[in-house]
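Here we start with a single chain on its own, the form predicted alone, put down as structure tokens.
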Amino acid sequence: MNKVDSPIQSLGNVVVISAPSGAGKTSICDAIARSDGAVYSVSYTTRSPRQGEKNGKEYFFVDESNFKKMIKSDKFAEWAKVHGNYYGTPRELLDKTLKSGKNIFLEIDVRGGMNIKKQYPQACMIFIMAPDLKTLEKRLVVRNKDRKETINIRLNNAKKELTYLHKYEYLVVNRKLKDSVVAIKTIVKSLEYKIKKDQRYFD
């Protein structure tokens, strides 16, 4: 059978969700992960687990030596060192999910998002932001996870991350969690009708 006569293969979508700390991306991704047909990529990291975090749920926690071995073995679709710790997206899960026809959501920073976009040009890029920086600061204070110095660092990083906004396709201003989840689900639903030009997974 010629390729031109072959049925179009139903592929999944890579959905990149980036946001400054405190914008609400984790809460949004947790809600989306419970949706039917969605897969939430779990990253590897060298940072220590926070209270309540479980290995394999929020992250796969590994030491720096093993992480670097995984880098050399090309196990990551993207990786970066952020705030002194390494983070990486497992390539195998990503490719396997796409071939199965399911969507995979990646909750990663802007640098990771740019690296994913280079390897998966059809990736849907969504940026989440609080209504303004004052609201972002308030959320960081209220969640009571960081010291004042750390909050200031995160706010400065947020300003830097906003310079990448023009490289994203969608902006969701997270005023209410429920509305933001609906907005992102609507964006993802529209991808079913997008013509995919990347031939990476076609036989």
Ligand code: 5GP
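Don't overthink the numbering: it's just position in the shown sequence, from 1. Not measured: the values here are computed from a predicted model.
The next section is about a form of this same protein that is not shown, the form predicted together with the named molecule.
Of the residues I71, L133, V82, L93, just one reaches the named molecule in the predicted bound form with a heavy atom at 4.5 Å or closer; this is V82. Heavy atoms of every residue among S43, R50 and Y59 are located within 4.5 Å of the named molecule in the predicted bound form.
In the predicted bound form, at least one heavy atom of I108 sits within 4.5 Å of the named molecule. Taking the partner from the other structure, the named molecule in the predicted bound form has no heavy atom within 4.5 Å of any heavy atom of Y120. Contacts with the named molecule in the predicted bound form, taken as any heavy atom within 4.5 Å, map to no residue of 175-189.
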